[in-house]
Each structure stands twice: as structure tokens, then as C-alpha cells.
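Let's start with one chain on its own, the form predicted alone, as C-alpha cells.
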């Protein structure tokens, strides 16, 4: 198996090559693509790389966060202003993996991987593209639903910076602290006058890609974050999900434990 490697200084040139060359795949941190190469995946014929510094750009202001697609989990952990994302980044593998795993790569990870992508979904992030996708920017939810339709090069993601104590994350795994997800839950829980106003909840490993828990979000609207207030959301926690059976857990088990861990997260009874 012969693989050609092409490196470009500019993201735009890398994007053009990615969209025009047969069997081309973008190399970010390599945690996904190197596995495919080691397994002699015949679909990988050309590796596209870019040294464009925009890929490693981190911008944090009082109201907005922008992360280059090449930003690693380790870089996120080193950024004090991104402390709300530290539990998510820390949940992605061990130290060696976090030095390589990137924000952009996690968007393309299939279940049960993709914890960081689910967190971005809960944060209502948008994905920006360098080319080859037909649009400059897409809501992340829309992108995740169509990411396999054609070739795209994600250049960055952006989202509103959540107020303190509004964002929550919990990962359920059989091997602590760096095991693969049984499932993970990310939630943005704004409260106005003691009641939820505009919750966003996302799951990983409850479908082929990270997905919104829209039924639970609707059930929480206008309700307090107490045992009685969250009961309707727990009753519909698994609505719209489609978990699979794999070596980590069965689909049945994932559905069974989801309300348990959603309850703990909503009540603040889990430590991230």
C-alpha cells in the first residue's frame, strides 16, 4: 500500500487538493488517519497536510471563542481562559493522545468517540471551512448531519463563551480516567429567575454522530433544576437516540443508564 503525502503552506491550497484528489484525507493530529493507514485501508491514497498557522489559532474574548481545527486537547488544557472545556479535553485519551488529538479531528470521529464534538454541539458552535464544502460556515449540528457528503476541510470552530457555571460535562467510561465512552453528556443550562431558559444538551455515543437531546431540552424549558423540575426531561432522555452495540456497551445498556447520568449532571451531582 503506497500513500502519497502532500504538504501545503496555505489552508486554501490544502482544501483544493483535498476536494480534487482521489482518496485524499486530511492529516491533523493523526489519531484517526494513522489507524486507517496501519490497517491498510485502501481508501487512503493521499494524505494532505497544512502548516498554515491559522490551524493552531486560539481566540478567547468575553463573548466569543474561536479554535483552529488543529488546536490539540493539550493546548486547550494549557489555556486558562478555556477552563470550562478542560474536563472535556481531559476526557480525550491519555496524555500522548491529547498531544495529538485535534478539535477538527474530533468532529469526524465516529461513535463511541467524539466527546469534544458533542461538547461543541451543546455550545451551539459553528464550523468554518477553508473550501471544498460549498459554504463558508455551517452550524455544527448541520455539519455533523452531512459530514460524509463530499470532502471538506474544517478550518476552525466558534461559539459564544458560556457564562460561569452554565456549561456541564460528564463522561461515563469503564476505564478511568481515559477509557472510551460508554456515553458522554454535555449541557449548557442557562437559568433565568430560577428556571431553565434555552437549555442545550448533547450526547456522544448515543448515535453514529453526536446529537442533540431535543426532547429533554423542551421538557426542561421553564422548569427549575430540582428533582421535580427535571423529571419530565428524564422521562424522554433517550428519545431520538440510536445507540449501537459495540465492544464497550450494548445499545440497551446505554439507553438504560442515560437517564441516571443525565439526572446526576442536571442536579450537579457528578464531578467533572
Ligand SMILES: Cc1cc2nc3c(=O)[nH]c(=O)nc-3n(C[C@H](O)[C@H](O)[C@H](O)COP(=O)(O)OP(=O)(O)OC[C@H]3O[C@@H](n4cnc5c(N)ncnc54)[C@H](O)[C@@H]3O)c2cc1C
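The model shown is predicted, which means the values in this text are computed figures rather than measured ones. Residue numbers count along the first chain shown, from 1.
What follows is about the form predicted together with the ligand, which we do not show.
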Any idea which of 152-160, 119-127, 78-86, 188-196 reaches within 4.5 Å of the ligand in the model of the complex, heavy atoms considered?
152-160
The ligand isn't shown here, but in the model of the complex which of 225, 33, 236, 54 has a heavy atom within 4.5 Å of it?
33
With a 4.5 Å heavy atom cut-off, would you call residue 91 a contact of the ligand in the model of the complex?
yes
Applying a 4.5 Å heavy atom distance criterion, does residue 167 contact the ligand in the model of the complex?
no
In the model of the complex, is there a heavy atom of the ligand that lies within 4.5 Å of any heavy atom of residue 206, even though the partner is absent here?
no
Heavy atoms within 4.5 Å of the ligand in the model of the complex: does residue 29 have any?
yes
What residues in 83-110 sit within 4.5 Å of the ligand in the model of the complex, counting heavy atoms only?
91, 92, 93, 97, 100, 101, 102, 104, 105, 106, 108, 109
